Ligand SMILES: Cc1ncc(COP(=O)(O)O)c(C=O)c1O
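Presented as structure tokens, the chain that follows is alone, the form predicted alone.
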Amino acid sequence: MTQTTTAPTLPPFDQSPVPYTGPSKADVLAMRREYLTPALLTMYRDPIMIVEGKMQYLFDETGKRYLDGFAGIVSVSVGHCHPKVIDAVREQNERLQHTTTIYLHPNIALFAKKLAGTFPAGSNLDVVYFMNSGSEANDAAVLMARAFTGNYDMIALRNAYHGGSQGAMALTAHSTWKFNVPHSFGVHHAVLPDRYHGPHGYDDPDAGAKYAADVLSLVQHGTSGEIAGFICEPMQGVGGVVEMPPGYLQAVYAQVRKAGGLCIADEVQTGFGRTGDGFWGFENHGVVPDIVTMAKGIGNGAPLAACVTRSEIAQTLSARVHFNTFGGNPVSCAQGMATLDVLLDENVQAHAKQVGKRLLDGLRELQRMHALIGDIRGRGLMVGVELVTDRKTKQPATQQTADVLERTKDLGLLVGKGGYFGNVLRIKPPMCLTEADIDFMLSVLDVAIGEAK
């Protein structure tokens, strides 16, 4: 690859946006500032307004087209307004929009059956509890772990993000996401097995086992020795696309179960074929968790989540009333079921692996050209690019990352950022993008990173 010298051009697309006739961008921004919570963030210095989406592309109010490299924060799995998903939602909306689980409805049962069928044979992960967000799913998982084991202490990882609710905030280990209010009771955070920044690197074949030793030490010296569980993303999302080393989860799961705990896989970002090598991220590590949480890609953008576990663990919640008004809503389940149909019928996982390889290969070539790129990591279409000002010290290039985001947006590419210092480009697009889209993405990054100072 040679450095791009002309402005990259988006691949041809045969669908035009519907002309936008709503409030102006300035009016929407003014209303947002007056009527919406100031806690809401915008990605860019000059916010953009997105009014339409078609598969891997987004359009602003002027009709400008962007390649979506972030998928609504890893939520749009099969494409914006995928026709099969839209048809399923439209049909259900016209028939019945809402009923709760106090009545029977076919969608929730059919979707649960189909979802359970995606887990490894013999895992017994076949009981589903539908909710509305990843935070809710993780809260429920911790509740089940504590109720089932009779133990209280939970172990999570430093640098992890598991949600913003009071319970999920306790599991999260970024000070930027944790309010100075009482939380985190009974939650302990183990050392992150980070092979880029940590003492055991990519070249250490025993890195997983060495990092796992910290979890055992934490059980022995930070708890009573009996714990409720361990929660971990197979690859950290908000934390900056940090994948667990080979052998790490196998060693930790054994330690946790010996201490009486359950193993929880947070698959909110890694699930549904995004990593290419496994439909679920935990499958890439040779383990089977006791509880799996999921959201985001499960519904292609719908407010939908789930907690999946074995029947004997799920039984614990029947000891009291545990209820979710909108969990399993018929429209949400119709969207989730149609999304899962597309994922399975169109072999989206294999496509993510194929185009993801092209992306990773291209990024590694860019790394040889740009000293600002410190590390390339990820699988399939869950990719991180860590930018540093010095490859030896690995000093975070926070300002340069912000500049790169602005420039990619101007050139027609939307990506995210993560990591504690905000210096990791998060590339997690809808999984329907093409190899031509990948080439465009690489050309844009080549320009933007090359210009960053």
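For every residue, the number given is its place in the sequence shown, counted from 1. Bear in mind that the values here come from a model prediction, so they are computed numbers and not experimental data.
In what follows, reference is made to the form predicted together with this ligand, a form of this protein that is not presented.
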Item to check | Partner-contacting position among Gly163, Gly328, Gly271, Gly79 - heavy atom within 4.5 Å of this ligand in the model of the complex | outcome: Gly163
Checklist entry - Can you pick the one in Gln335, Thr275, Asn138, Thr309 that has a heavy atom within 4.5 Å of this ligand in the model of the complex? => result Asn138
Checklist entry - All three of Asp375, Gly419 and Leu425 touching this ligand in the model of the complex at 4.5 Å, heavy atom to heavy atom? => result no
Next on the checklist: in the model of the complex, is there a heavy atom of this ligand that lies within 4.5 Å of any heavy atom of Asp290, even though the partner is absent here?
Outcome noted: no
Next on the checklist: in the model of the complex, does Asn284 come within 4.5 Å of this ligand, counting heavy atoms only?
Outcome noted: no
Item to check | Exercise: Ala228 in contact with this ligand in the model of the complex, heavy atom 4.5 Å | outcome: no
Checklist entry - Is there a non-hydrogen atom of Gly240 within 4.5 angstroms of a non-hydrogen atom of this ligand in the model of the complex? => result no
Checklist entry - Which one of these stretches, 260-268, 104-112, 150-158, 198-206, sits within 4.5 Å of this ligand in the model of the complex when only heavy atoms are counted? => result 260-268
